[in-house]
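Only one chain comes next, encoded as structure tokens, the form predicted alone.
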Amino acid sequence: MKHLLTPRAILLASALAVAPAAYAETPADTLVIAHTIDDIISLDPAQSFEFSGNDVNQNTYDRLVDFDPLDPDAGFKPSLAESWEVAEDGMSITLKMREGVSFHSGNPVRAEDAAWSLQRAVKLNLTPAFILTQFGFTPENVEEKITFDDTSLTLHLDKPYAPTFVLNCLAANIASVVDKEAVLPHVEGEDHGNAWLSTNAAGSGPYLLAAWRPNEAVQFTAHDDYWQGAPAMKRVIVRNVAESSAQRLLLEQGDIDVARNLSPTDVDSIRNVEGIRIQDEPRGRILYMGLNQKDEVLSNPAVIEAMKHLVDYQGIADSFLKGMFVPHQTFLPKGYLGVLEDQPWTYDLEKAKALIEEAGLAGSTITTRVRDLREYTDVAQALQASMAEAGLTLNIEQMTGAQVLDAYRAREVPIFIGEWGPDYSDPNTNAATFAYNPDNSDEAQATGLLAWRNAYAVPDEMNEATVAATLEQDADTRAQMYLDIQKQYQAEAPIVPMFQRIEPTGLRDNVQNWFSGRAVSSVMYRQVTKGE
């Protein structure tokens, strides 16, 4: 499959681009989307770790388990695996394959394909491989650890992990099931088909990849024999439109059905426009404030408590972060198993000032570095103003994202303002970085852990609870464990979750059942319909 637009697709895209506003209307069976898609590096599920690439794969492949776009809060559900059984000792999970499912090629979807797909992802060991290798799989042992027979595959784990932990990870893009027989003729050396799959698709999902022109467009055609029913939208065209204002204009004119990258200003300008509606969905990214415990002022428990009351959560969300973030004060995003939705911190200058004065630290000065991204600098400046009223001086040095990240990973940023996004849809993805740091020494170089970056010596009790939660077999008990971890974290941790990102999507009124993926998945098109 070549990544070139067909003549028919080019004519359709051109017509949509140039049609006058008075006559513009997308075809009834076609969904046209404006989105920034210039981040696609590869379409191989074993490599793709960018938002737009994952959006493509979510629709061209199936996974063993997945989320229902019409009921995402229900958690993962059976997909290509119709059921699963956990061994009594918890050391293996056997997944029974659904019968009668075919790849786009017409080849049957087999347990062999599912096992091979996971094995090749581990062997390639590219960026997202850790999602699978954290269960003890290595390139050397994976063929022994992931086995199959005619009807099922079995994952042999190195520890008795929580079934919900394993299954949530099997809903990730890297666990997409690939058509082995379609890929094998395209293998080059030891690349396991990576070069070919980077620009082609070999899945069983609701859509076929019809064309991809990098930085321009992606086109999909419906898989009419899809096992969950043929999608209503027979074609989906995603156009790369970088500017929010351009997306807004296209939406107003009816040239597109969906605008995915609207700025707060553009959202406000069209919120009440006839024929358009705005749909807000929570995403997984958490905007947080990290207080480096190497700083003698910020390591004082009274100052940590004071800083939590120097953020005007609602005021910020209603002003310069309006339409982008909502207040959220726990490290698990809304939508995750065991999320705590308590918001115990309020903006209270008097309380913060009293705490700082009682600690004898009024008049202290802190100099920090902030990435030169508008929302981050705006939050930092708001914090700077409230700190000044409470008796602390904050000096801000604006730098590039790379400069700030390098300093942050070297534990050299006193107050970090930035975001963290989950890597997969299980609570461990955030608990293991915010609430886990078994070795706080500089020598540990645990740069992947936010707790380590902020020199937060996580209490042994919390470290142990975070590990124990990955092994808890009962889902309800596991959810309660995360609630308890978050409560302890809120009470004492110097890394302060403040907001959860939301994604406002502009839709024509006739577009129904749009699902951007929320905090747990990527965009899905198969359930979308268009009314009159």
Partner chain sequence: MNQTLPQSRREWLLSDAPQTRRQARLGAIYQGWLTFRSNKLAMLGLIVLVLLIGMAILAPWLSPQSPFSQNLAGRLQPPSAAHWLGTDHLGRDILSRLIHGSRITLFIVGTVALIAPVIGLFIGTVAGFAGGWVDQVLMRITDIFLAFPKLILALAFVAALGPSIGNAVLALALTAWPPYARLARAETLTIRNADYIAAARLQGAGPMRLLIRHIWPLCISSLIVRVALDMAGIILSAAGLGFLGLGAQPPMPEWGAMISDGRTYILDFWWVAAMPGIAIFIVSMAFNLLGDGLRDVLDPKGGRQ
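Numbering follows the first chain given and starts at 1. Think of the rigid core as the biggest set of C-alphas that the two forms share within 1.5 Å after superposition. Predicted model only: the values in this text are computed from it and were never measured.
The same protein also exists as the form predicted in complex with its partner chain; that form is not shown, yet it is the one meant from here on.
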Exactly one listed stretch (319 to 327, 358 to 366, 76 to 84, 223 to 231) reaches within 4.5 angstroms of its partner chain in the predicted complex by non-hydrogen atoms, and it is 319 to 327
Point to revise | Partner contact for residue 304 in the predicted complex: its partner chain, 4.5 angstroms, heavy atom | key: no
| query | Do residue 243 and its partner chain come within 4.5 Å of each other in the predicted complex, heavy atoms counted? | reply | yes
Under a 4.5 Å heavy atom criterion, is residue 384 part of the interface with its partner chain in the predicted complex? yes
*asked:* Using a 4.5 angstroms cut-off on non-hydrogen atoms, would residue 438 count as touching its partner chain in the predicted complex?
replied: no
In the predicted complex, the residue from 107, 92, 398, 147 with a non-hydrogen atom within 4.5 Å of its partner chain is 398
Contact with its partner chain in the predicted complex, heavy atom within 4.5 Å, among 136, 163, 315, 282 goes to 315
Those residues of 236 to 267 with a non-hydrogen atom no more than 4.5 Å from its partner chain in the predicted complex are 243, 245, 248, 249, 263, 265, 266
Does residue 242 move its CA by 2 angstroms or more between this form and the one not shown when the core is aligned? no
task = Establish whether a shift of 2 Å or more occurs at the C-alpha of residue 141 between this form and the one not shown, with the two forms superposed on the rigid core.
result = no
